[in-house]
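Two forms of the same protein chain are encoded below as structure tokens; each is given separately, as structure 1 and structure 2.
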Structure 1
């Protein structure tokens, strides 16, 4: 298969690796780089984008971590999957890399929050989580993205963990979580009814595990939910 030429624009102020990530992502979502297409070599991207090799390697590493490309030693880097073509309409292409990176600290933080919440939650805190879940369901029924309700749910879980540092840390991530939640939930709102049902069911399972005071199950369901949320953005499921 012939190599595909990338049409890259030199970056100015934004984080170079994220800008490069975003522009390659645009080529993938736009169909210029189809699944199975081979990307230009690192040296070629360096020349065309006017950046150093470490910048190129970081961008390619993030694309591979997000399941968008695959590297084959001694052969090159190839497009693995194509996200929804609507993805870049919900967020600036250079911001998408940072939004996806936010899932890594969230997995570490919120998985443990869910487990501790199952052990420590009070009846009032459980009610607060349940109210946030009901609000998210209502937002979906009204055709809204529901990102504020989604954040409220995750914050309520953190507060139920019984350590004031957990909700404080989550609040520190609020801005980047808002961006990633808006992006993921906008795709969900435009997607199938089955996709929306799955998102709500993931939240319900977390709530039920916390309600049943099962910490292992709560951790499992929170990790599953965050992993699935990330996969829905990158198109790993293949549903639109």
Structure 2
């Protein structure tokens, strides 16, 4: 492990933690920060990036949650793994941080949607989920990213929850969800066959649990799918 200079441009924008997250991510992806490299201390980053301590902490916490760095108490923070360099070719790095953040409310909302859908879906709603699944599969076979079909699938589940507030809230997240889906699925399209198979299988399980009217199973599979989707973006499981 070796200590490195981290190059930071002072920033003055709303989500400072995102910008900082993005700059560090960029340097990991770009190879300036290699695996095992030690990041500067929180205090140093504060000074150099000209932000307060909580902003630095938030950015580091997210990088750690994404499996990109690891903090060892009393020693420091180290680069842990390097995500696909394709990642930063799809979006500006601050935008990537913002896409990743969308998974938090999605986990909360969509896990609940899946459970309610398993209890309440009408036959017509189930068919709509099934059709979105088939459309996603078709898009993959045609070599497309399938992000519109992906969004349609998740919206159909929200509609099957039998409470119109759920699709409304998902619509509020639409732009950010689509951005993250496009990015994730672009990586998947260029990734292995195995990776596409997994994405489909995760959706299929959600469909089956809703079809089988098992709310606990539907919640589990939705939560698993969203967690894995996020991990596929940050690359924390490798190319899968």
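Positions refer to the first chain, counted from 1. In this text, the rigid core denotes the largest set of C-alpha atoms whose superposition between the two forms falls within 1.5 Å. Quick caveat, the model's predicted, so the values are computed rather than measured.
- Comparing the two isolated chains, structure 1 is the one taken from the form predicted on its own; structure 2 is not.
- Superposing the rigid core and comparing between structures 1 and 2 gives a CA shift of 2.7 Å at residue 42.
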